[in-house]
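Heads up, the chain below is alone and in the form predicted on its own; it's given as structure tokens.
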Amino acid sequence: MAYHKEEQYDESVTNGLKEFYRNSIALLGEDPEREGLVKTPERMAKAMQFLTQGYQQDAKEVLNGAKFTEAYSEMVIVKDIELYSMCEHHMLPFFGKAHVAYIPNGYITGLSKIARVVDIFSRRLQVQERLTHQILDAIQDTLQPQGVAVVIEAQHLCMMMRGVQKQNSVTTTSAFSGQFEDGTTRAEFMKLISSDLMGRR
């Protein structure tokens, strides 16, 4: 086989989380030895390590690994980047899309690296407000562009499955730096991320 992807987990972390989840299942009134639940603690332990893998990744290192000199100085937008994260308040998922733009100032980065940066910060215990700024700061600090813009639209299961139980609510956050703080540039960005230039919608 020319390509093989293998997931690796820290054994000590997995064992610690397994015991925690096994006890949690029992405290909730279930039988952790029941056939359908016997392997659940291990599955949950591995799932949580996958969902928080961003703690072991460095966004700036990813960007610097694909940083190229280029004279291009117009807006670069990567929009509709799917994101999945975990609310740090209730440990329930929130999910949606990120729209990211920057205006190069001598350097560009690989387009996939923008999506990787979104994933790195999403795969942590998060609040959407902080996530938005972390993405912006990583790009601004690494590429030193003329400006960065980030908009995230997400639905939060902590508002949908529990609490106020509002099924159709969407939370939007934004962060802007440099030229995107100018109203005209910001308006162009907002128009472009709202447009369907490829006729997909």
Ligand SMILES: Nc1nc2c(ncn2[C@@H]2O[C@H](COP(=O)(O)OP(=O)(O)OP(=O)(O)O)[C@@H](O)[C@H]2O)c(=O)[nH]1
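Small disclaimer: the values here were computed from a predicted structure and weren't measured. For every residue, the number given is its place in the sequence shown, counted from 1.
Beyond what is shown, the protein has a form predicted in complex with the ligand; the following relates to that form.
- The partner is absent here; in the predicted complex, the one residue of 159, 48, 66, 26 having a heavy atom within 4.5 Å of the ligand is 159.
- The partner is not drawn, yet in the predicted complex one stretch among 37 to 45, 128 to 136, 143 to 151, 55 to 63 has residues with heavy atoms inside 4.5 Å of the ligand: 128 to 136.
- Shown alone here, residue 78 lies farther than 4.5 Å from the ligand in the predicted complex, counting heavy atoms only.
- The closest heavy atom approach of residue 115 to the ligand in the predicted complex falls outside 4.5 Å.
- Contact check for residue 90: a heavy atom falls within 4.5 Å of the ligand in the predicted complex.
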